[in-house]
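Below sits a lone chain in structure tokens, taken as the form predicted on its own.
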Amino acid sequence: MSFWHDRALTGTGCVFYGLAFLFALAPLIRRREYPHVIFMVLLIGGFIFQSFGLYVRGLEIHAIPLSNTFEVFQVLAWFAVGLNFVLRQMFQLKLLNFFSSGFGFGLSLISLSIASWDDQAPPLELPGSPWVGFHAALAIFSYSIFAVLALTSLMYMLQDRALKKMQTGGLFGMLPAIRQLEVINTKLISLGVSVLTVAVAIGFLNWLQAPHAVGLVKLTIALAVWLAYLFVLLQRRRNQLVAQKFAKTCLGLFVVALVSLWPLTQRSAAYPEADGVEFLDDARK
């Protein structure tokens, strides 16, 4: 396999993510800060290699790389790490880069390890139905927001535990104030639900054009994830779900949403021609 092959490039990105995570983890365990310059070089290096790998994959299949589980997980990790760079600066979250490196490494490693996820299903072809591609991209982007929400929820739970046990220094000393994390989590779930709602609305319009092309199981799973996040958001707005319970719910719900991606991206067989409605909308299972 050539180094410039898409899997080799995304694999190199995975290695860089892993090196960044381990590089920061060792000092944090000893309750010391890690050298940020070296860490950021590794993290950005991983992002660049993964970006290049997805770009090469897109050129090979002449479409957005969202045609199978491997590509969906890779794009989700890429979105989450990229979003981390923006949110880290907006909210001054020192440790978000560290948790994002672990998330990018874990998700990328899993997708690379399961060869059957990278099947030869037909690509998502935009020329036939651009709204389907837009729907898929928005859906995965909303999942990346929920991924960052899960990371900040984890940070909330760690900070809450540290305060109760009066732990300071190292990782705990770099965590933001618990009130700040509560506000950030509320903003993130509001943003994620808003983006997912638009994606669901576009998917509904696609379904009206071809209702026979949507499997009941996939439709049920997709709507269940959307309704679950909408319910959590409403409960938070009503102050019925706050503090640690809110953080635990967001973290647990993302694990469920992540697992749900696997059945959502499964297909029974490769078709000779892509008609632009396959991704997340395949009833021929």
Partner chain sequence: MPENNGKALFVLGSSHRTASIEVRERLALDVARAEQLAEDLRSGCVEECLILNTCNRVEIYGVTDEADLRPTLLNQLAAMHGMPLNELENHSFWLTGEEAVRHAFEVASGLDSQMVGENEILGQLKDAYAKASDQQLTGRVLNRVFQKSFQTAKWIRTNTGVSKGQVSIGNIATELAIRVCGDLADVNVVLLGSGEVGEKTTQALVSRGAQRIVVAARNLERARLLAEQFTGAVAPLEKLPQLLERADIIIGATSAPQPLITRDMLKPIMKKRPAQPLIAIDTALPRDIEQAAEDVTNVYLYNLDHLAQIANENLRAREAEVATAKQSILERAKRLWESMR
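On a predicted model such as this, the values are computed, not experimentally measured, just so you know. Residue numbers count along the first chain shown, from 1.
The form predicted in complex with the partner chain exists for this protein as well; it is not shown, and the discussion that follows is about that form.
Sort through 109-117, 154-162, 191-199, 81-89 and report the only stretch with a non-hydrogen atom within 4.5 Å of the partner chain in the predicted bound form.
Single hit among the candidates: 154-162.
Could you check which residue among G133, G102, G215, P176 gets a heavy atom within 4.5 Å of the partner chain in the predicted bound form?
It is P176.
Name the single residue among V255, A224, V242, L59 that comes within 4.5 Å of the partner chain in the predicted bound form, judging by heavy atoms.
By the 4.5 Å heavy-atom cutoff, the listed residue in contact is V242.
So, R31 and the partner chain: in the predicted bound form, are they within 4.5 Å at any heavy atom pair?
Close contact exists here: in the predicted bound form, R31 approaches the partner chain to within 4.5 Å, heavy atoms only.
Is the gap between W207 and the partner chain in the predicted bound form 4.5 Å or less for some heavy atom pair?
The answer is no: W207 has no heavy atom within 4.5 Å of the partner chain.
Given that the partner is absent here, does K248 sit within 4.5 Å of the partner chain in the predicted bound form, heavy atoms only?
So K248 does not count as contacting the partner chain.
So in the predicted bound form, does Q167 come within 4.5 Å of the partner chain, heavy atom to heavy atom?
Yes, contact at 4.5 Å.
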